[in-house]
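The chain below stands alone and is given in structure tokens; this is the form predicted on its own.
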Amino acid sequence: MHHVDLAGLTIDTRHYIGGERVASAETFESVSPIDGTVLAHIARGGAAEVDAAVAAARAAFPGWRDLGPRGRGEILHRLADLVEANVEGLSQLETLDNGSLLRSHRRGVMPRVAMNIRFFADWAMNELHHPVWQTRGHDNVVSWDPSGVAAIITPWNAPLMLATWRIGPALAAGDTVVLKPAEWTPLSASYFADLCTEAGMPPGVFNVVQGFGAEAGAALVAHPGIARIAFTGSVPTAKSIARAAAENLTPVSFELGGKSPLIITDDADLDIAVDIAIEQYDNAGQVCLSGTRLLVHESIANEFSARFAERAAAIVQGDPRDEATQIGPQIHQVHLDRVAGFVERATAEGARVVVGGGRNDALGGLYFSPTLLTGAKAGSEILTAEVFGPVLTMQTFSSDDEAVEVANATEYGLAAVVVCGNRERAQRITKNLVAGTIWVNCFFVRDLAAPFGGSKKSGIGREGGVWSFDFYADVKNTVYAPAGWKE
């Protein structure tokens, strides 16, 4: 049985290679974090399936390249239209598979999937150019040439949205794609492949190989037929991918973890500060950008802590399909145990629980209560390692310089948030914060034209707007002489 009916959609559980469905001898289970239901048995790929997918992508590459930005754009716009027509089904499917809020998928995440595709298709058609300039009378003409096959490996916390954040620009740039979705959340990628067929995408342009990182993922990133590797996930996995990529000198784009600070100054608007701090529990804390380290000026720490605790205690946790739910479950038992372990070790080392502190016993299952810890020792694990759950810490500071020093006291540099009552003061604070994205008196405002990525161990490279095409394409400069023309 290679099909399963879920959320009003029929999902094919086989790989998608060269426009065809391909089975594997072995399968693995996709389990819903909502209630532990086995949703499907998914084809488990390895080196053989990866070889077939890369071969299909390489064969399809010249034709896709030669369509040009407009020819590709027509197909990508049809694909975006199909995503928009299927927002409800995709939202329900993704919620079943990864436990994120259904209302968030409906209102934001799935519309963003369509936008990821449409935006980069339009950028390739309308924005991808550089003014010609002259060197001693010679014209310099810059072009962005398709580079080949892009391997894209994506995480489970926003599966289809984060996949299309990479698929969109790769396909718009003229590359063909082999996607390896996270094994905990493979379903939306499979349905997306059917939409690619429906949109009229040529066979082999987009391929999906399902499976585990150590099998399918490892084979994919080590493949000599790959021109680019884009990965979103953890630092340890990125290191192993980088080692494999080094063998073939394959360029990589890594979006990795975070331990982002949220700095609240003594002149901050406390209403804004509390609102933004509560937002860091979004998606049950399973967001790489989350400002999980609250750094609060000592003079307002007590008032902030009291107001935050009152709001956090009122958060509605439960079934993500319920419109009233604000926080759903963790993705998997392995992940829940990992999150719980961080909190248990922190409290054993002297950190104090202000809110939450453990599993939500009233709900059981994979639900972890929104948690705030204070009093952790500087340099301790809870202040330096990414938890990736609904666990925040609070530290105090007495000067802006100290706030910046504490904010930067981590090997990560993905994002930062500053809540401050004076723009010039905020500018002084942000100047030396090490982060790829900083939000001031706001959070999660994202423009697809903006550069996105991490500093330090939070990543390699930037994507978004022209930066995406700088990665997925081969940037070329052609120099034309002023003389020698016969017509």
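Please read all numbers here as calculations on a predicted model, not as lab measurements. In this text, residue numbers run from 1 along the sequence as written.
The following text describes the form predicted together with a small molecule, which does not appear among the structures shown.
- At the 4.5 Å threshold, heavy atoms of Gly217 reach the small molecule in the predicted complex.
- Residue contact with the small molecule in the predicted complex: Gly213 places a heavy atom within 4.5 Å of it.
- The small molecule is not drawn, but in the predicted complex it has no heavy atom within 4.5 Å of Pro390.
- For Ser240, a non-hydrogen atom is located within 4.5 Å of the small molecule in the predicted complex, even though that partner is not displayed.
- Checked against the small molecule in the predicted complex, the residues Ile327, Val83, Cys288, Ala312 give one hit for a heavy atom within 4.5 Å, which is Cys288.
- A heavy atom within 4.5 Å of the small molecule in the predicted complex is found for one listed residue only; from Gly174, Pro261, Gly258, Gly168, this is Gly258.
- Contact with the small molecule, judged by heavy atoms within 4.5 Å in the predicted complex, is confined among 315 to 323, 266 to 274, 109 to 117, 228 to 236 to 228 to 236.
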